[in-house]
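First, one chain by itself in structure tokens, the form predicted alone.
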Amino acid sequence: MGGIYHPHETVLLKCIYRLKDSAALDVKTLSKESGLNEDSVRKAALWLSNKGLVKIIVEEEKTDSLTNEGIKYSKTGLPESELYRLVALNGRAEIKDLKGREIAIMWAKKKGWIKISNGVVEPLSRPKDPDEDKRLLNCIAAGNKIPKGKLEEFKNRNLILEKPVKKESLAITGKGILEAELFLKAGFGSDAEIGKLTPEIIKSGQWKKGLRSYDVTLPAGRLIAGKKHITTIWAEKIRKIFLDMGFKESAGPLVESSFWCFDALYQPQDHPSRELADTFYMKKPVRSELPDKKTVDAVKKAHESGVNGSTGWMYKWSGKIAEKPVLRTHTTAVSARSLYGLKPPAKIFCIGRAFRNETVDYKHLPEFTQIEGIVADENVTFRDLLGYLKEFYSRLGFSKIRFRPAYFPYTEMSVEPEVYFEDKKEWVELGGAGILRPEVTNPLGVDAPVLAWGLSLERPVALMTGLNDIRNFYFKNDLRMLRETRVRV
């Protein structure tokens, strides 16, 4: 025998040999005769065809199927039938009362069911079978033939669409006949061959009687295995980078108080980002619990009159505004909570969801993933911040990194790191960073300098994977994108 065969190949080849004198050996017939399912028949046929044992014959046939309108009328009946019943029931109908039924009127008149005189529609001879067309449409849906005249009428009315359908059949070749006869003579492909080893077969020595051969060069179907989401893969990579750099992971609630989301970060209570246009406020719960009175009073003082000689924002701070619950607008709220009672030195990071009332477009989402890192230490400086940022982005996979001055309400000095994307040949800003102001750290009981930085996850991941629209990550549920996008981490 001239090759290595899958058991499905031997079964199918012997089946085709047995039926070689039959007129049609289509996939459905061979599936029934061989006991293989149709997908297995197709795969085995392709393998046998590659070996020259069978020939796959592809013919194109035309078949009739219902359009959406045809499907509708197969359930309700044609509009002229409904119109005739309406007119016949009342004996007559005014044209002005039949607006929207112009097509039904035209066909009912053409079929001789009604007459129109002086704006009045009256019934004529009753159709022999008002539901005939409905029944014929259902015949087409079931794959049955209907009279040629009716078929043409339905096509002209766009109720039927003629579609080409490929029909595959198999025929055994001369080489295939010789091989099949060898199979039958040698008993090849019988149940005596072992295709799966088990502990029992190994112990009994039954495997010595013969193992089924496999040809690993045969074409095989694509395996669609489960895999992690692209953003999950990158979040795990970033988590590992932080942990390798000696950071400890922290987390916080998604529903946060305005105190931790804004006030503790020295953001004034009349800041535009607190407006409904930017922030999601909660109806329930009605209010959030604030921390101890000493901390609240210290934050209030920082806002009203400042700390360490600063002037603050010079307005009357409101505890009621600070109690308002929000969906956290950034994971910096987690950093603020982490600073509360913190004993330096410490390095903390957070990867979590944040929410903003954004207009959805190719680079903005109302819900996104944000990444935060803070370092609290007596001896750190702005140069250390740049060093941490350079190390972080280097480990993320970027070789060219630069920094430019920036402004953020709760850091001073502030900086925006930029990285160079080789594929796009351009510099892209990927976050914000700085040294937290004393107005942030002092009320929370931290006297040491605190370095802080953050970035969104979706935007850099989209750039690194070649996606131009971050909505693709969540909105379209595009399995093709998830399966085919290669993630280099």
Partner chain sequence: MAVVTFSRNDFESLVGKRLKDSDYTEAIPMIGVTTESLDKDSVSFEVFPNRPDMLSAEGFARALKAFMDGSKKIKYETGKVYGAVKADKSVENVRPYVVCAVVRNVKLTGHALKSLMQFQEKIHETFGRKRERVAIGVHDMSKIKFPLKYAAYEPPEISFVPLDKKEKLNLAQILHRHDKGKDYGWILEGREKYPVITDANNNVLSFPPIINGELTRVTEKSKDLFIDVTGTSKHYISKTLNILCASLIDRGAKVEAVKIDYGKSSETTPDMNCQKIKLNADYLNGLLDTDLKENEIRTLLLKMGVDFTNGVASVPFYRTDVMHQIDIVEDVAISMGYGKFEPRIPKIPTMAERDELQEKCLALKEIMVGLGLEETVSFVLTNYNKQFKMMNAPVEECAEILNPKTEDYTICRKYILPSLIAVLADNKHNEYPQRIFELGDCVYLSNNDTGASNVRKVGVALCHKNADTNEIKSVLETFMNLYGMKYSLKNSAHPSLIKGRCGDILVDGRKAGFIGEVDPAVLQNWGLENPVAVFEMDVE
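Positions refer to the first chain, counted from 1. Since we're looking at a predicted model, the values are computed, not measured.
Keep in mind that the form predicted in complex with the partner chain is not shown, yet the notes after this line are about it.
Note that among 239-247, 124-132, 170-178, 149-157, the stretch whose heavy atoms approach the partner chain to within 4.5 Å in the predicted bound form is 239-247. Using a 4.5 Å cut-off to the partner chain in the predicted bound form, each of Pro285, Asp384 and Glu412 places a heavy atom inside that distance.
Residue in contact with the partner chain in the predicted bound form (any heavy atom within 4.5 Å), chosen from Asn144, Thr232, Thr198, Ser117: Thr232.
Checked against the partner chain in the predicted bound form, the residues Ile435, Val461, Ala45, Val446 give one hit for a heavy atom within 4.5 Å, which is Ile435. A residue is said to contact a partner when one of its heavy atoms sits within 4.5 Å of a partner heavy atom; Lys109 fails this definition for the partner chain in the predicted bound form, lying far away.
Contact annotation for Gly100: none of its heavy atoms lies within 4.5 Å of the partner chain in the predicted bound form.
Interface membership of Lys228, defined by any non-hydrogen atom within 4.5 Å of the partner chain in the predicted bound form, is confirmed. In the predicted bound form, the partner chain stays beyond 4.5 Å of every heavy atom belonging to Asp361. Contacts to the partner chain in the predicted bound form (heavy atom within 4.5 Å) from stretch 400-415: Arg402, Phe403, Arg404, Pro405, Ala406, Tyr407, Glu412, Met413, Ser414, Val415.
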